[in-house]
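Shown next as structure tokens: one chain only, the form predicted on its own.
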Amino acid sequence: MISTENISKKYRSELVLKGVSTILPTGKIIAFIGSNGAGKSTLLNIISRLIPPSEGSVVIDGKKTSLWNTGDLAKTLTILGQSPQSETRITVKDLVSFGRFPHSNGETTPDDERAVAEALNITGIETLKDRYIDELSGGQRQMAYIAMSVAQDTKYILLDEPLNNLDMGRSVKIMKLMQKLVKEKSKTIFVVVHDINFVSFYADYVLALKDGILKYQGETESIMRPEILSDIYDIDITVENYRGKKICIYYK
């Protein structure tokens, strides 16, 4: 279980997160939503210990992140940031193999090989394993980085805007992959998503932030309401039912 206690973050004189306290469920897709600058990515990065909070603490499985050994944390949690890039010309398989480093420390074992093969298979990119990363489309490259995160085989997976610049088909494939990892691999996935209809259809739980404040949280069904979404995004949003799901309409 991951919890935060009174997390705040200040950059110079600007407070970008303000006293965020929450206990997050496990075994679910947990979406972070809100307008640009709401604090979504900052909160995700603090949870992963990529950046320190100005105040407060994060607890993972009963222990504050400040007390975790780096190697042990890397076996428990992985984070994939926005628009990841590799400066070296490497193959897809080599990139995915990097996910095994916390387990192997560079000495590849048969278990590592199996984990890499499984990650390539579950993400559907086995046929790309010998291609170089810089030869791939944006969607293929994004899936390769997600495969690297899968290969790391951590309990918690944190994804910061994994749908950025992807077409609808590729976005659906990634969201369905997340559902598969939760259901078949018992993962807990935290994801920053801007398209609230993808959140409505695929997420189990939602954290809604505005101006650095965690204003709403709960099961997806309870958050996909016009009064909540209109408040979070400062626009009029209508919510309609479609085949048991809620469609958010925010244009006229």
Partner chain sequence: MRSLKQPFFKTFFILTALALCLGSAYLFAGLAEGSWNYNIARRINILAAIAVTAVSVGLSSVVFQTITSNHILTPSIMGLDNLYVFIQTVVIYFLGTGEMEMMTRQNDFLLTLAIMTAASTSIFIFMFKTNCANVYFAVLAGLVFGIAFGGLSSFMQVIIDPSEFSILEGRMFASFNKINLPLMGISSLIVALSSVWIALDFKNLDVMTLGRAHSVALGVNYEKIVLKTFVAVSLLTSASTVLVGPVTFLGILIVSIARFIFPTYRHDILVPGTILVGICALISGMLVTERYLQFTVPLSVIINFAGGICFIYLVLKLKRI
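Think of the rigid core as the biggest set of C-alphas that the two forms share within 1.5 Å after superposition. Quick caveat: nothing in here was measured; it's all calculated off a predicted structure. Positions refer to the first chain, counted from 1.
The discussion below concerns the form predicted together with its partner chain, not included here.
- This chain is displayed alone, yet in the predicted bound form one of L163, V182, L77, I125 has a heavy atom within 4.5 Å of its partner chain; that residue is L77.
- Only one of the listed residues (V172, I90, A117, L136) places a non-hydrogen atom within 4.5 angstroms of its partner chain in the predicted bound form, and that residue is I90.
- With the partner left out here, its partner chain still marks one of 136-144, 174-182, 101-109, 117-125 in the predicted bound form; by a 4.5 Å heavy atom cut-off that stretch is 101-109.
- For N36, no non-hydrogen atom is located within 4.5 Å of its partner chain in the predicted bound form, even though that partner is not displayed.
- Taking the partner from elsewhere, K187 is found to have every heavy atom lying beyond 4.5 Å of its partner chain in the predicted bound form.
- In the predicted bound form, its partner chain lies farther than 4.5 Å from every heavy atom of D167.
- Using a 4.5 angstroms threshold between heavy atoms, L50 counts as touching its partner chain in the predicted bound form.
- Annotation: in the predicted bound form, residues G71, S97 and Q152 each come within 4.5 Å of its partner chain through at least one heavy atom.
- With a cut-off of 2 Å and the rigid core superposed, E107 has a Cα displacement that falls short of the cut-off between this form and the one not shown.
- Comparing the forms between this form and the one not shown on their rigid core, the Cα displacement of D72 stays under 2 Å.
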